[in-house]
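The chain below stands alone and is given in structure tokens; this is the form predicted on its own.
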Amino acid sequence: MVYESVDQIDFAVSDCPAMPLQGCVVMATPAHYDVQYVINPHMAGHVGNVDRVRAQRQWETLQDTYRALGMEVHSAEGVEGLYDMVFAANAAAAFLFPDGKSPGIIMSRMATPSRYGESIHYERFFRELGVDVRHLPEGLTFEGGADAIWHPGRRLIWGGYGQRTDRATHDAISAMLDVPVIPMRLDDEAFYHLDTCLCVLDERTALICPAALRSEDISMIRRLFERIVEVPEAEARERLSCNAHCPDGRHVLLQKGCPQTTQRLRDAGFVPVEIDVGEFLKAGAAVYCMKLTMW
């Protein structure tokens, strides 16, 4: 079932079957990362302006942080010429079969030709991990976990569409996984994936940038989350503060230099972990984009 308005929502989060939190992340090495074209507004002015040595250090710091938090980390090798492959969140959407044991992924189908080649390498990587690999029907674009975000601990997906992912993709995902999906239209080019304006923190709490979302979509978020932490538009737009990740319901990994977002997280009882991924901001990405979370 796909729900497009608050009036259609006839369930509580507690009605959705429980699932364990995701315990591992996939990260692609950044040796070939660069900005060589402009496919979102954040890239403008940064073509050829990436410090790869600094980017490598920042990537390693993020990887080490996940390991310190007890997450298993799988590293895929980046590929020459695929400058954005480092943003593993776009590679696929992870899922868990109803038995609660068997992991799977739905492969992405990128919206921009410059990224088409990533899927070949990622699919090989996932198959080597022994993960069940599935594909969407032909003709649908989909940019993975960036536009298909699991509600923490529940079989419920929040979906983004309108920029990189087709609206019909969420009907297909709902049918494939037998899971409710709440799709949200993204109109602002600066917020081109849902993970740039919605960060699910725990079963009760969401971090959002209201300026990037339609009022109806905010109403649906408020209907199903008990607590909302709002991100200032300037920090979300300029520093991608909403492109954060809370892997354990307590620690929130986010881009360094977002003081208002950081304080609001503390006030809500979370532990902000500021990480400088500034070289990746040049491509319009922060912490969330740099990993794909799996079971």
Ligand code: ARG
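So that there is no doubt, residue numbering starts at 1 and follows the sequence shown. Not measured: the values here are computed from a predicted model.
Quick note: we don't show the form predicted together with the named molecule, though the next part is all about it.
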Could you tell me if all three of F95, H151 and I173 have a heavy atom no more than 4.5 Å from the named molecule in the model of the complex? no
Of 165 to 173, 125 to 133, 193 to 201, 217 to 225, which is the one stretch near the named molecule in the model of the complex, taking non-hydrogen atoms within 4.5 angstroms as near? 193 to 201
Of C246, M27, M43, V50, the one that lies within 4.5 Å of the named molecule in the model of the complex (heavy atoms): M43
Considering non-hydrogen atoms and a 4.5 Å limit, which listed residue (I39, L253, A55, V229) is close to the named molecule in the model of the complex? I39
Report whether the minimum heavy atom distance between F142 and the named molecule in the model of the complex is within 4.5 Å. no
Are any of the heavy atoms in N90 no more than 4.5 Å from a heavy atom of the named molecule in the model of the complex? yes
Can you work out whether C289 and the named molecule are in contact in the model of the complex, taking contact to mean some heavy atom pair no more than 4.5 Å apart? yes
Taking heavy atoms only, is R109 within 4.5 angstroms of the named molecule in the model of the complex? no
Just to make sure I understand: among 110 to 138, which residues lie within 4.5 Å of the named molecule in the model of the complex, judging by heavy atoms? R115
